[in-house]
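First comes one chain, alone, set out as structure tokens in the form predicted alone.
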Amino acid sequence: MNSINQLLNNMLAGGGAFNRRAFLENTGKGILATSIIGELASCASSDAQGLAGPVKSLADTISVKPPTQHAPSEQHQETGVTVLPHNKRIGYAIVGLGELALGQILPAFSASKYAKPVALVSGDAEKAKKVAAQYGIPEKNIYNYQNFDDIRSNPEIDSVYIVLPNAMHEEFVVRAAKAGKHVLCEKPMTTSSKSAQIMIDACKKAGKKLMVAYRIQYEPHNRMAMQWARSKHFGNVKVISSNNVQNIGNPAQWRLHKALSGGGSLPDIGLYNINTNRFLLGEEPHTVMATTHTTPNDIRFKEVEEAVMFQMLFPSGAIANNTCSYGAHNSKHYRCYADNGGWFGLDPAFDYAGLQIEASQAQGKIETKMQPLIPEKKQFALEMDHFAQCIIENKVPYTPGEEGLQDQKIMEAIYESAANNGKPVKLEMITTLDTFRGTPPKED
């Protein structure tokens, strides 16, 4: 056992022939991340040690609003800015330097108004040094998976952003909370509802905030669709048709290993269908029905499902028909069909950029289609800024851990239905709106 632990420690440290990719590939062969790191360190919070950084307040925001050259009838470009001074912003440690962190999250800080990157956590020391140089992060603020608990002694770090394989979320959320840091966790929150509850309890015990990174709920195009649904702008939404499919590549990647991902297309991209349906309506499904499909002999899907087709039934009578797949060309869109001669939706809906809202309204024999032009925002900057504001103002995030827990329960019900030939599975009947959400994001 000691020799195994030494091997894993070398992998985590990025030493020798092992790096983060080797670590992920080996964990995908059955070594669970939770057993790799070892027992959690018992850490006092940074506040208890008197390590708090500069007092942060939204009262310190700087606002610059130059006059526009455009007439009131024209669409104005964003020329003003309201931001916190750099030394008053919430400092994030990014945990995991994979494709999402490097391609989307770290670049988004350039558009952030209340947050900044101050630390990196990676199993690949050389890669971390290169990334740190790009973002002006000092080498002293580079950590690995072994010494991660040392973040408790760094007052520059207010929050951590967990961007690791799904099965590793629980461990690092718990460790971050014990280290006295707030936590923003990528979706899916984890691999089971039991694990999600452990994460929620750990953050509550530590007195730290937990938010799940549901960027769609902060993105302006999707928020307009939500407002149309809630205001009954086109009538009552009766049917939602939602599709999220993509053609996944390398069979060795962690997403195709159940021990790390918890499932196939459902927890990765089908989660967008689930969470967006709930977000648009503000309701919780009371029944789900599902079936799965995997192409025979496709080497990518030895452990996880390729596609899931599922229905969600809501208290208002709305029905959501959803498809997610790892085996088809990229397409991400949804439409909401209402009962007053109209429909609306997004195509694309779930991409990182280039989203487009569309709608159609019938008036007698004439049906008018429209594509409202909404200024695009950096989606990851929006969610990181919202969490930063909640930390500063001590408010519950709009998408807290309870929001992620609810999605885990729904996914478990979907898998249960699929395992029983599509038999309907009942969920708790919830009739309140936005039951698991916290403080709404501030609108521009």
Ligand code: NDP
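Being a predicted model, the structure only gives us computed values, none of them experimental. The first residue of the sequence shown is number 1, and the count goes up from there.
The same protein has a further form, the form predicted together with the named molecule, not shown here; the description that follows concerns it.
Against the named molecule in the predicted complex, the set Met289, Phe314 and Gly422 makes no contact: no member has a heavy atom within 4.5 Å.
Contact between Glu367 and the named molecule in the predicted complex is not found at the 4.5 Å heavy atom cutoff. Looking at Thr276, you'd find every heavy atom of it more than 4.5 angstroms from the named molecule in the predicted complex. Proximity of Gly98 to the named molecule in the predicted complex: non-hydrogen atoms within 4.5 Å are present.
When the named molecule is considered in the predicted complex, Glu186 lines it closely, a heavy atom lying within 4.5 Å.
The contact residue chosen from Ala179, Leu84, Val163, Ala307 relative to the named molecule in the predicted complex is Val163, the criterion being a non-hydrogen atom within 4.5 angstroms. Interface residue among Arg175, Arg215, His257, Lys208 relative to the named molecule in the predicted complex, by the heavy atom within 4.5 Å criterion: Arg215. Of the candidate stretches 368-376, 118-126, 148-156, 296-304, only 118-126 has residues whose heavy atoms lie within 4.5 Å of the named molecule in the predicted complex.
Contacts of stretch 400-424 with the named molecule in the predicted complex, defined by any heavy atom lying within 4.5 Å, are made by none of its residues.
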